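Okay, here we've got a single chain as structure tokens, the form predicted alone, with questions on binding and movement later.
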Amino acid sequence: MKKMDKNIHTYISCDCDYENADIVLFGAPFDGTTSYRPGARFASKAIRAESFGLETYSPYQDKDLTDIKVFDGGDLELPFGNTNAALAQIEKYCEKVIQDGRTPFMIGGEHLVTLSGVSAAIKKFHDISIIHFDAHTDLRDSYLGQQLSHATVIRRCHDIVGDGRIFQFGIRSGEREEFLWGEKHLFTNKFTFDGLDNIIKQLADKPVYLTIDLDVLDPAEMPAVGTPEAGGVSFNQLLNACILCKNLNIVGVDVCELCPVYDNSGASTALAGKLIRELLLML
């Protein structure tokens, strides 16, 4: 891998050198298996641009981005038309960051990129668990004949981490078979974040990977996602759930599925950018 150089176009205040950083922010602009509305590959660039409409200070947490050390590595240059090669490249980058003792924070891209983050993390943290905020179960074994899809990503993650290690919240869509399979292999809380505090206590100091599909939000607040699903949570509910996770040993984070082209107002991108600010400070 080439030397980690500072990216010129950074998320607001994330201009620390790689060598001194605690968190490494980067974009994984991949949407090669998107099943409905493409465009998630443009999310990370849009979020960086919109981030300069934010303050670095968070009144929610009484913390400031200027007080933490974040390196923005820019967007990975991923090959088109080759899902396996793209996933391998993302995994290699995450593995480098983790082995260097830093926390990877990935901006998708579609949700399949999470598989690379988890695959990299488990090489160091063998007892890793996953907390998953999403509208969809993502537990199909295959979708349209393909086992690698944003509709199968959590099933593929289960292949890696095994039973009792995945905890889903906000879920409100999926095939009946996905829900039935999930009852036997993982924890799913439908519609809300109820019970998250108990799961956090249960996981204690165990390593945790946090993955957030932005369609967990109601489309009235977040219309610009690949697969909008009515009946979602509010921004404040999601924010409170994320801040609760500050008590976890989080070893990797991703925020996925923003498709900025479906909200010309820019409000969806601004919301995603603000959520990322709060997650960075939570870490």
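In case it trips you up, residue 1 is the first one in the sequence shown, and so on. What you are looking at is a predicted structure, and each value in this text was computed from that prediction instead of being measured.
Just so you know, the form predicted together with a further copy of the same chain exists too; it's not on screen, but the next bit is about it.
- In summary, the region of this chain contacting a further copy of the same chain in the model of the complex, judged by heavy atoms within 4.5 Å and restricted to 205-213, 171-179, 116-124, 158-166, corresponds to 171-179.
- Taking the partner from elsewhere, Arg37 is found to have a heavy atom lying within 4.5 Å of a further copy of the same chain in the model of the complex.
- Using a 4.5 Å cutoff between non-hydrogen atoms, Asn20 does not count as a contact of a further copy of the same chain in the model of the complex.
- At a distance threshold of 4.5 angstroms between non-hydrogen atoms, Gln146 is in contact with a further copy of the same chain in the model of the complex.
- Mapping the unseen interface onto this chain, Phe191 counts among the residues with a heavy atom inside 4.5 Å of a further copy of the same chain in the model of the complex.
- Along 59-74, these residues reach a heavy atom to within 4.5 Å of a further copy of the same chain in the model of the complex: Pro59, Tyr60, Asp62, Lys63, Asp64, Asp67, Phe71, Asp72, Gly73, Gly74.
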